[in-house]
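The chain below stands alone and is given in structure tokens; this is the form predicted on its own.
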Amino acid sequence: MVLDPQFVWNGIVVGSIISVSALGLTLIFGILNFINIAYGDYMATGAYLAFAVNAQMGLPLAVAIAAGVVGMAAGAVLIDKLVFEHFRTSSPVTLLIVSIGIAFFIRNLIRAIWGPSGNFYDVPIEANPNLFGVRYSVEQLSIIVASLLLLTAVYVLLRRTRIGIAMRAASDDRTLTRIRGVDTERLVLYVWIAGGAIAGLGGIMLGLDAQIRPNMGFTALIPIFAATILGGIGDPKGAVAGGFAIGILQEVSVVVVPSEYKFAVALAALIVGLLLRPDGLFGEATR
């Protein structure tokens, strides 16, 4: 059996999307200490906002991407102010249940506005070039480049800026960080802005690679959660590594299993990873 390099390329593209999305999810968990089930629907919202600007309003894709990212960042802050802020001191289970309700609301609102059918961005349709037996598209190259730029920017933010260092400190011990004089409520605002923007970009990337659908984010949650947990919840670098690992494994697995079982491969990888590395890929405890 010969491994087709096309599958590896597809895995890198999918891994780029999963890594970006998992990074945003783990940043939110690191500060707020709960799994936001609505995160997938944040992704879908960003994708549809970009679709409205690009395909419905006729503006360039670059403008649409900016609108989707900024719009979802603002939306994440708005949802926090309207809903999550009132449950800030509640248990993670309560916040989890609240996020499930928000997810259903957003998904059905998207259906009500844009309908249940799939949509596509207004991008030129061109023949995919072939390089060393691998067919690629401009959209796929854009996804990989955008993911690398974003991952680098977040790394610099967390390692080289005062806000990022404060985020890392709050992720380790939010109470101690507040005692040391850090405005943790302002950090929460920054995290929702960053998490919402990353979710919006992740959804746009997913829509460029496949199709824009109301349930696109919900479906993507399985590999995103697998990558987040595999890398160690709350560990950004683990989420990125887990995202690429899950993406490549999913796409390469079609050599031996039907493509409809790709998500099962993500879950199997998660189980094996937890058995072999229960503290995450880089030793960060999965909380």
Partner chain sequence: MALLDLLLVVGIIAGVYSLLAIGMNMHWGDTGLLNFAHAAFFAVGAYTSAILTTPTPEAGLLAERVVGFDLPVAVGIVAGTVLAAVLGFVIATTSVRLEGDYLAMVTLSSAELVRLVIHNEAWLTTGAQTLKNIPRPMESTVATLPVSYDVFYFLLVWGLVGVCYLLFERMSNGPFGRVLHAIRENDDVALALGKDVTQFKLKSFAIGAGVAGLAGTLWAHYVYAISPVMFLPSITFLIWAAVIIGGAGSYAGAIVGAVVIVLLRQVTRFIPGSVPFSDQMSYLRLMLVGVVLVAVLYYRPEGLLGNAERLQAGTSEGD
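Positions refer to the first chain, counted from 1. It should be emphasised that the depicted structure is a prediction, and the values quoted were computed from it without experimental measurement.
Only in words, not in the display: the form predicted in complex with its partner chain, which the text now covers.
Though its partner chain is absent from this view, in the predicted complex it lies within 4.5 Å of a heavy atom of just one residue from A112, I125, L131, L149, which is A112.
None of A169, V83, V156, V138 but one reaches within 4.5 angstroms of its partner chain in the predicted complex through a heavy atom, and that residue is V83.
Figure note: of the listed segments 237-245, 254-262, 57-65, 43-51, the one touching its partner chain in the predicted complex, with heavy atoms no more than 4.5 Å away, is 254-262. Though the partner is left out of this view, T161 does not reach within 4.5 Å of its partner chain in the predicted complex, counting heavy atoms only. I229 belongs to the set of residues with a heavy atom inside 4.5 Å of its partner chain in the predicted complex. Its partner chain is not shown here, but in the predicted complex it comes within 4.5 Å of a heavy atom of I35. Taking the partner from the other structure, its partner chain in the predicted complex has a heavy atom within 4.5 Å of a heavy atom of N108. Here the marked residues V93, F225 and I271 all reach its partner chain in the predicted complex, each with a heavy atom within 4.5 angstroms. Along 14-31, a single residue, F29, places a heavy atom within 4.5 Å of its partner chain in the predicted complex.
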